[in-house]
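Next up is one chain by itself, shown in structure tokens, the form predicted alone.
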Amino acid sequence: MLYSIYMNEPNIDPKLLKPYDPKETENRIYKIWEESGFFNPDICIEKGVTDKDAETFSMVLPPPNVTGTLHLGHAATLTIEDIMTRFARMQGKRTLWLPGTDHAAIATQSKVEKILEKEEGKRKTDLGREEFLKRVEKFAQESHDTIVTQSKKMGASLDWSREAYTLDDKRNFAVRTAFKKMYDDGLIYRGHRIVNWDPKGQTVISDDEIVYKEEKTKFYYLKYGPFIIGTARPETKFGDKYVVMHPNDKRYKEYKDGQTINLEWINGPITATIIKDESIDMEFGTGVMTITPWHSNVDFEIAERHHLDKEQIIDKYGKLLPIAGEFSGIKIKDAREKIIVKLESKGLVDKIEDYVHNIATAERSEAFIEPQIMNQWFINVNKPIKDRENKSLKELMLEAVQNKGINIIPDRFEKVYYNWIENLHDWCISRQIWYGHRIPVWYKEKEIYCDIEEPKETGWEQDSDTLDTWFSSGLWTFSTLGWPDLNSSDFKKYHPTNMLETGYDILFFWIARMILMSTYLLGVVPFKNVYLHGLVRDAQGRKMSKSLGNSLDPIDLAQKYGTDAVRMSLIIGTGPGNDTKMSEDKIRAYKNYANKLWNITRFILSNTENIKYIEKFENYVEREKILIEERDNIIKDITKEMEEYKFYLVGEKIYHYTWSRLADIIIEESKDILQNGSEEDKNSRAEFLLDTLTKILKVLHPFMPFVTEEIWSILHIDNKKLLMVEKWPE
């Protein structure tokens, strides 16, 4: 349907006489959207803008951590997902985009501990568990409020009536329900395995909470009997009594598996055992190595395969144990050179080289990670599950993608996903911190009790550990929709969700765990599509960080240039799975584009206000028919690319058509037609310009929602209907 400017409005809206002002517009527009209720699919149906039998589109927001404020990566997530949501809503789909935040156990607790120490000179133990948790919850609530405000500033059309939190009562019930079922099925167990231990934070941490930092150090070649072994960590070698080589290495064919040899070592003579293992890289170094199973993941796996002894060398605080003899009680870093001096005195150092390598550190405490074998809670990823045709969690996770139940965009990440799953180890889910979901297990003497609710009898003591944050966020797609209540209307309508959009850097840590939880607990995939976006980098392609001074605050940028400009700069030029470069120059260019659109609107309305139109105009002259065909073909391509998630191409096409084609050529040509043309030519061109403007506003709305909604209101096209619920042009 084509619309007209009414004859009783001889003057254009006064707003158009001024430059476009995002500061004056954006908060007002967002309030109108919120008050309309159209973020809620139920309200859309109730008010007749969506059919009750319409196709469903659902998606959950990756919950940002309640540790502070949003960064440009979050802004990219919000922008991409809002584009998907607004497009689906304008297509007439029953559209749900569900918001929430993550308690982010270690990250949030660590933040509060640092604040407590800096401002009050206290530790959490000075307050006690209960009082400390009150402090954490207050901090988390303040962070949550900031994040919600910032999300709204980015124009996110989230259904705030359904907002969830990973640590709220409903999610806590879901977590306990999942834990209980996994425990009863024998998938959750407590046992001694190697884990990432943070000696400063005094907790196990996940791989995702490790930051690798480049370290310049020494690499030592040591004489171990008849062999030369290489190591950067001589402080771990006190318990090394196994020397490992590849069974096909001809250099060592005289040595047999299980053979013992006597040799002189750090603290005296020892007996070492030869181990032949195919995991050894014959091309690396001398092709022979000793192993420290207690303090190396690789060495632990070798020891497990061959049923070897494992001996602890370093304690939980990063100090050497009595096995180190005279070095006992010394911090490992301080002991290193002293150990080398002793080895040199015994003639056991072959040579020393300079060495640069990446060392694992804890993201929050910045301490060096010390792998340790500890008694922790794990999920067994290899055990057959009766309810799932005796398939293991690992097999369920592989099949979900292999059978095309889940489509990963871009598809090159499928191979990365398979490789990670195939090498997946049992998942350590316990953390030695106070903030988070407490493990629902209680002890009384030798008895163990696991249930959703705590035992009614007295004398039971709950496990002091909390669950890994990824456990609760792994339930996110369905715990937010009402699970474990399978009769929840939201669960029935919206699960599995259509889309999961997030950064490629958490493909394993979050996406894989959601697939694990959903395929095990529900027997279905959690989502049908996964869209992976890249990292947001600076103009030189560097990762943004405070230390480099190159961080850009999305909210500050939105205040300066307008949210629409920030959104466009995050989309154009960046395909799925690719990193994007950001600079203020790029954002400024799209601020100019918003102004251009504003000026186009002013020209069209001011130059057509005295032309009489009918609502549905069909008498176009031939010149307009050619222009309409060109425009409609572009819209057809845009619609196809939107459905293929090629938002970077769509944004670029709209931008170039609006600026280079409509503004620079068509409008320039129109000036003479509207002034000197025949009545038929004037009507034809005026109707085309107005119709084209309305269509541009519609296809541009998911990308630049504020300026398009403001112009739509100025057009007086329909006072009762917002652009956000207009139908996508066909």
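Quick note: we count residues from 1 along the sequence shown, nothing fancier. None of these values were measured; they are calculated from a predicted model.
One more form of this protein, predicted together with the RNA, exists but is not displayed; see below.
- Of the candidate stretches 482-490, 276-284, 133-141, 337-345, only 276-284 has residues with heavy atoms within 4.5 Å of the RNA in the predicted bound form.
- For the three marked residues, 212, 591 and 652, a heavy atom of each sits within 4.5 Å of the RNA in the predicted bound form.
- Checking 415, 305, 404, 625 against the RNA in the predicted bound form, a heavy atom within 4.5 Å turns up for just one residue: 415.
- A heavy atom within 4.5 Å of the RNA in the predicted bound form is found for exactly one of 631, 93, 437, 586: 586.
- Shown alone here, residue 667 lies within 4.5 Å of the RNA in the predicted bound form, counting heavy atoms only.
- Residue 391 falls outside the set of residues with a heavy atom inside 4.5 Å of the RNA in the predicted bound form.
- Shown alone here, residue 671 lies within 4.5 Å of the RNA in the predicted bound form, counting heavy atoms only.
- When contacts are judged by a 4.5 Å heavy atom cut-off, residue 289 counts as touching the RNA in the predicted bound form.
- Shown without its partner, the chain has 508 as the single residue in segment 503-530 with a non-hydrogen atom within 4.5 angstroms of the RNA in the predicted bound form.
- Contraction of the residue 383-residue 208 CA spacing by 3 Å or more is recorded in the predicted bound form, set against this form.
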